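Here you get one chain, nothing else, as structure tokens; it is the form predicted alone.
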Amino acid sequence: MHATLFYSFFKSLVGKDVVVELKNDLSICGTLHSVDQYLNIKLTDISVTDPEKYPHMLSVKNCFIRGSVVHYVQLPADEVDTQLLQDAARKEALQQKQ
């Protein structure tokens, strides 16, 4: 899928709680505040899933995450319209073939 599809999708999740897993194995839970076209993510009210391993993150409340270091983003299942995503992906794939 093309980045613009992800960008549009993530914009629809602003204000929702997500878990961002980074390539260095750090997982950050927080509220999605914003996302840009490079899929950089700003989270508010954050916490880390393993505070013993990352004690320096305990005092951090908000963070900016560069899109290139994101490994996965866990989304609330009830917020994801999989049918809409599949249709959009198919439509975009057809447009790229033309």
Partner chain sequence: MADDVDQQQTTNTVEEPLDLIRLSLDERIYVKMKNDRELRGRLHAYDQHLYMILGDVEETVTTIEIDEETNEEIYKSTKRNIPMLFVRGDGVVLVAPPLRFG
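A quick note: this is a predicted structure, and the numbers were derived from the prediction, not measured. Residue numbers count along the first chain shown, from 1.
From this point on, the text means the form predicted in complex with the partner chain, which you will not see here.
**Q** With a cut-off of 4.5 Å between heavy atoms, is H71 one of the residues that contacts the partner chain in the predicted complex?
**A** Looking in the predicted complex, residue contacts with the partner chain include H71, since a heavy atom lies within 4.5 Å.
**Q** Spell out, yes or no, whether the shortest heavy atom distance between Y38 and the partner chain in the predicted complex is within 4.5 Å.
**A** Yes - in the predicted complex, heavy atoms of Y38 and the partner chain come within 4.5 Å of each other.
**Q** My question is simply whether A77 lines the interface with the partner chain in the predicted complex - judged by any non-hydrogen atom within 4.5 Å.
**A** Residue-level check for A77: yes, a contact with the partner chain.
**Q** Taking the partner chain as it sits in the predicted complex, is S8 in contact with it (heavy atom to heavy atom, 4.5 Å or less)?
**A** Taking the distances in the predicted complex, the answer for S8 is no, it never comes within 4.5 Å of the partner chain.
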